[in-house]
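Taking the form predicted alone, here's one chain by itself in C-alpha coordinates.
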(Lines give C-alpha, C1' and ligand atoms only; values in the text may rest on other atoms or scores of the structure.)
Protein backbone atom coordinates (compact mmCIF):
# COMPACT_ATOMS: atom_id res chain seq x y z
CA UNK A 1 0.00 0.00 0.00
CA UNK A 2 1.57 3.28 -1.13
CA UNK A 3 0.60 5.91 1.44
CA UNK A 4 2.20 8.86 3.20
CA UNK A 5 1.65 10.19 6.71
CA UNK A 6 1.24 13.82 7.73
CA UNK A 7 0.45 15.65 10.99
CA UNK A 8 -3.05 17.14 11.12
CA UNK A 9 -3.06 19.50 14.06
CA UNK A 10 -1.70 18.12 17.33
CA UNK A 11 -4.06 15.15 17.70
CA UNK A 12 -4.49 13.59 14.28
CA UNK A 13 -2.58 11.91 11.46
CA UNK A 14 -3.64 12.39 7.86
CA UNK A 15 -2.89 9.43 5.59
CA UNK A 16 -2.66 10.22 1.89
CA UNK A 17 -3.38 7.51 -0.68
CA UNK A 18 -3.00 7.75 -4.45
CA UNK A 19 -4.62 11.06 -5.35
CA UNK A 20 -7.37 9.77 -7.58
CA UNK A 21 -11.08 9.00 -7.27
CA UNK A 22 -11.49 5.30 -7.92
CA UNK A 23 -13.02 2.16 -6.48
CA UNK A 24 -9.50 0.80 -5.92
CA UNK A 25 -8.47 3.72 -3.72
CA UNK A 26 -11.84 3.60 -1.96
CA UNK A 27 -11.12 -0.05 -1.08
CA UNK A 28 -7.67 0.84 0.24
CA UNK A 29 -9.08 3.62 2.43
CA UNK A 30 -11.90 1.47 3.80
CA UNK A 31 -9.72 -1.59 4.42
CA UNK A 32 -7.11 0.42 6.35
CA UNK A 33 -9.86 2.13 8.35
CA UNK A 34 -11.32 -1.25 9.28
CA UNK A 35 -7.89 -2.64 10.17
CA UNK A 36 -7.26 0.32 12.49
CA UNK A 37 -10.68 0.14 14.13
CA UNK A 38 -10.48 -3.61 14.75
CA UNK A 39 -7.94 -3.11 17.53
CA UNK A 40 -9.62 -0.03 19.02
CA UNK A 41 -6.70 1.28 21.11
CA UNK A 42 -7.93 3.50 23.94
CA UNK A 43 -6.25 6.56 22.44
CA UNK A 44 -8.17 6.30 19.14
CA UNK A 45 -11.04 8.77 18.72
CA UNK A 46 -12.04 7.90 15.17
CA UNK A 47 -10.78 7.29 11.64
CA UNK A 48 -12.51 9.53 9.09
CA UNK A 49 -12.33 8.43 5.44
CA UNK A 50 -12.40 10.71 2.40
CA UNK A 51 -11.87 10.18 -1.34
CA UNK A 52 -8.15 9.45 -1.09
CA UNK A 53 -7.23 10.10 2.51
CA UNK A 54 -7.91 8.90 6.03
CA UNK A 55 -7.77 11.19 9.07
CA UNK A 56 -6.96 9.32 12.28
CA UNK A 57 -7.84 11.35 15.37
CA UNK A 58 -6.30 10.42 18.70
CA UNK A 59 -6.43 11.46 22.34
CA UNK A 60 -3.08 13.06 23.08
CA UNK A 61 -3.61 12.89 26.85
CA UNK A 62 -3.47 9.10 26.71
CA UNK A 63 -0.13 9.15 24.90
CA UNK A 64 1.77 11.71 26.94
CA UNK A 65 3.87 8.95 28.47
CA UNK A 66 5.27 8.23 25.01
CA UNK A 67 8.43 10.03 23.97
CA UNK A 68 6.84 11.15 20.70
CA UNK A 69 3.06 10.53 20.59
CA UNK A 70 2.76 11.44 16.89
CA UNK A 71 5.51 9.03 15.83
CA UNK A 72 4.01 6.35 18.07
CA UNK A 73 0.67 6.67 16.27
CA UNK A 74 2.35 6.71 12.85
CA UNK A 75 4.26 3.53 13.72
CA UNK A 76 0.99 1.88 14.75
CA UNK A 77 -0.65 2.94 11.48
CA UNK A 78 2.27 1.66 9.41
CA UNK A 79 1.97 -1.74 11.08
CA UNK A 80 -1.72 -1.83 10.23
CA UNK A 81 -1.09 -0.79 6.64
CA UNK A 82 1.22 -3.77 6.17
CA UNK A 83 -1.62 -6.12 7.17
CA UNK A 84 -4.18 -4.68 4.77
CA UNK A 85 -5.32 -6.87 1.93
CA UNK A 86 -7.46 -4.58 -0.21
CA UNK A 87 -8.02 -7.38 -2.71
CA UNK A 88 -10.23 -9.02 -0.09
CA UNK A 89 -12.58 -6.03 -0.35
CA UNK A 90 -14.72 -4.67 2.46
CA UNK A 91 -18.26 -5.16 3.61
CA UNK A 92 -20.70 -2.81 1.91
CA UNK A 93 -24.32 -2.15 2.80
CA UNK A 94 -26.85 -1.37 0.09
CA UNK A 95 -29.22 1.47 0.93
CA UNK A 96 -32.23 2.18 -1.27
CA UNK A 97 -33.29 5.82 -1.47
CA UNK A 98 -36.68 6.86 -2.89
CA UNK A 99 -36.70 10.02 -4.97
CA UNK A 100 -39.57 12.14 -6.25
CA UNK A 101 -38.04 13.61 -9.40
CA UNK A 102 -38.82 16.93 -11.08
CA UNK A 103 -41.52 19.52 -10.43
CA UNK A 104 -41.17 21.74 -7.39
CA UNK A 105 -39.02 19.11 -5.70
CA UNK A 106 -36.55 18.94 -8.60
CA UNK A 107 -36.47 22.44 -10.11
CA UNK A 108 -33.26 21.86 -12.13
CA UNK A 109 -34.27 18.61 -13.80
CA UNK A 110 -35.08 20.30 -17.11
CA UNK A 111 -31.81 22.27 -17.02
CA UNK A 112 -29.83 19.07 -16.50
CA UNK A 113 -31.76 17.44 -19.35
CA UNK A 114 -30.99 20.33 -21.68
CA UNK A 115 -27.31 20.22 -20.73
CA UNK A 116 -27.22 16.48 -21.47
CA UNK A 117 -29.28 16.81 -24.65
CA UNK A 118 -31.86 14.28 -23.51
CA UNK A 119 -35.38 14.35 -22.11
CA UNK A 120 -36.17 14.80 -18.42
CA UNK A 121 -37.49 11.24 -18.29
CA UNK A 122 -34.19 9.98 -19.67
CA UNK A 123 -32.28 11.88 -16.95
CA UNK A 124 -34.49 10.21 -14.34
CA UNK A 125 -33.88 6.80 -15.90
CA UNK A 126 -30.12 7.27 -16.10
CA UNK A 127 -29.94 8.65 -12.57
CA UNK A 128 -31.65 5.53 -11.24
CA UNK A 129 -29.33 3.26 -13.22
CA UNK A 130 -26.09 4.62 -11.75
CA UNK A 131 -23.64 2.33 -9.95
CA UNK A 132 -23.36 4.36 -6.79
CA UNK A 133 -20.99 4.29 -3.85
CA UNK A 134 -20.66 6.81 -1.01
CA UNK A 135 -17.06 7.96 -1.04
CA UNK A 136 -17.23 10.29 1.94
CA UNK A 137 -19.48 12.34 4.19
CA UNK A 138 -18.91 16.05 4.57
CA UNK A 139 -19.93 19.63 3.85
CA UNK A 140 -22.91 19.19 6.19
CA UNK A 141 -23.71 16.47 8.79
CA UNK A 142 -24.41 13.24 6.91
CA UNK A 143 -24.12 14.78 3.42
CA UNK A 144 -22.92 11.95 1.12
CA UNK A 145 -20.58 12.53 -1.80
CA UNK A 146 -21.68 9.75 -4.15
CA UNK A 147 -19.68 8.53 -7.13
CA UNK A 148 -20.92 6.38 -10.00
CA UNK A 149 -23.15 8.86 -11.81
CA UNK A 150 -23.74 8.15 -15.49
CA UNK A 151 -21.32 10.70 -17.03
CA UNK A 152 -23.83 11.52 -19.76
CA UNK A 153 -25.96 13.42 -17.20
CA UNK A 154 -23.08 15.13 -15.40
CA UNK A 155 -23.76 18.84 -15.01
CA UNK A 156 -21.83 21.84 -13.63
CA UNK A 157 -22.77 23.52 -10.39
CA UNK A 158 -25.11 26.48 -10.70
CA UNK A 159 -23.47 29.85 -11.41
CA UNK A 160 -25.53 31.41 -8.62
CA UNK A 161 -25.98 29.06 -5.64
CA UNK A 162 -29.28 29.09 -3.81
CA UNK A 163 -29.32 30.45 -0.27
CA UNK A 164 -31.41 27.53 0.99
CA UNK A 165 -31.70 23.98 -0.36
CA UNK A 166 -34.29 21.86 1.51
CA UNK A 167 -33.15 18.73 3.32
CA UNK A 168 -33.58 15.62 1.17
CA UNK A 169 -32.87 17.42 -2.10
CA UNK A 170 -31.06 15.19 -4.59
CA UNK A 171 -28.52 17.00 -6.72
CA UNK A 172 -25.88 16.65 -9.37
CA UNK A 173 -22.56 18.49 -9.42
CA UNK A 174 -20.06 17.48 -12.06
CA UNK A 175 -19.79 13.68 -12.09
CA UNK A 176 -21.17 13.32 -8.57
CA UNK A 177 -24.62 13.05 -7.13
CA UNK A 178 -25.54 13.84 -3.54
CA UNK A 179 -28.38 14.34 -1.11
CA UNK A 180 -28.70 17.38 1.12
CA UNK A 181 -28.91 16.09 4.68
CA UNK A 182 -30.04 19.40 6.17
CA UNK A 183 -31.29 22.70 4.76
CA UNK A 184 -28.26 24.66 3.69
CA UNK A 185 -27.07 26.98 0.90
CA UNK A 186 -25.85 25.10 -2.14
CA UNK A 187 -25.07 25.17 -5.82
CA UNK A 188 -25.84 21.61 -6.93
CA UNK A 189 -28.39 21.04 -9.70
CA UNK A 190 -31.49 19.80 -7.88
CA UNK A 191 -33.36 17.06 -9.76
CA UNK A 192 -35.58 15.64 -7.01
CA UNK A 193 -36.08 15.09 -3.32
CA UNK A 194 -36.20 12.08 -1.01
CA UNK A 195 -38.48 11.84 2.02
CA UNK A 196 -35.74 9.87 3.81
CA UNK A 197 -33.91 11.71 6.60
CA UNK A 198 -30.18 11.45 6.08
CA UNK A 199 -29.46 13.16 9.39
CA UNK A 200 -31.63 12.71 12.47
CA UNK A 201 -30.36 13.29 15.99
CA UNK A 202 -33.31 11.31 17.39
CA UNK A 203 -32.10 8.08 15.73
CA UNK A 204 -29.61 5.74 17.38
CA UNK A 205 -27.43 6.23 14.29
CA UNK A 206 -27.82 9.88 13.36
CA UNK A 207 -26.40 9.41 9.87
CA UNK A 208 -28.38 7.23 7.46
CA UNK A 209 -25.35 6.60 5.25
CA UNK A 210 -21.71 5.65 5.75
CA UNK A 211 -18.71 5.99 3.51
CA UNK A 212 -18.49 2.79 1.46
CA UNK A 213 -22.27 2.23 1.25
CA UNK A 214 -23.75 1.29 -2.10
CA UNK A 215 -26.78 3.38 -3.07
CA UNK A 216 -29.79 2.56 -5.22
CA UNK A 217 -32.11 5.44 -6.14
CA UNK A 218 -35.67 4.64 -7.20
CA UNK A 219 -38.50 6.90 -8.32
CA UNK A 220 -41.65 7.57 -6.30
CA UNK A 221 -44.67 9.72 -7.12
CA UNK A 222 -45.68 13.03 -5.54
CA UNK A 223 -48.43 11.17 -3.64
CA UNK A 224 -45.99 8.58 -2.32
CA UNK A 225 -43.64 11.37 -1.25
CA UNK A 226 -46.42 13.06 0.73
CA UNK A 227 -47.58 9.78 2.27
CA UNK A 228 -44.00 8.97 3.32
CA UNK A 229 -43.83 12.17 5.34
CA UNK A 230 -47.10 11.64 7.26
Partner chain sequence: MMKVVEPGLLSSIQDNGRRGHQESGMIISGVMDIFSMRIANHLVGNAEDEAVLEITLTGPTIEFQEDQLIAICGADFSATIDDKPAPLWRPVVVKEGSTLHMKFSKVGCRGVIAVGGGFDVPKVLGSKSTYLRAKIGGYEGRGLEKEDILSIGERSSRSQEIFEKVDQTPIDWSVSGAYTNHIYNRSVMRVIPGKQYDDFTKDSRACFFEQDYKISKRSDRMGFRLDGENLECGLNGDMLSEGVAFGTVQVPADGQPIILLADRQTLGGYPKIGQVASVDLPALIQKKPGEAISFEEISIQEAQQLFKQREKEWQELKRMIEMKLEGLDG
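Predicted model, so just to flag it, every value in this text is computed and none were measured. Residue numbers count along the first chain shown, from 1.
Just so it is clear, the following notes concern the form predicted together with its partner chain, a form of the same protein that is not shown.
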Contact residue in the predicted complex, from 175, 162, 57, 197 (heavy atom within 4.5 Å of its partner chain): 57
4.5 Å heavy atom contact, residue 8 and its partner chain in the predicted complex: yes
Proximity of residue 24 to its partner chain in the predicted complex, heavy atoms at 4.5 Å: no
Touches its partner chain in the predicted complex: residue 43 (any heavy atom, 4.5 Å): no
Distance check, residue 16 to its partner chain in the predicted complex, heavy atom within 4.5 Å: yes
Contact stretch among 76-84, 151-159, 129-137, 102-110 - heavy atom within 4.5 Å of its partner chain in the predicted complex: 129-137
Candidate site 3, 95 and 115: all three near its partner chain in the predicted complex by heavy atom within 4.5 Å: no
Those residues of 32-49 which, in the predicted complex, come within 4.5 Å of its partner chain by heavy atom: 33, 37, 45, 46, 47, 48, 49
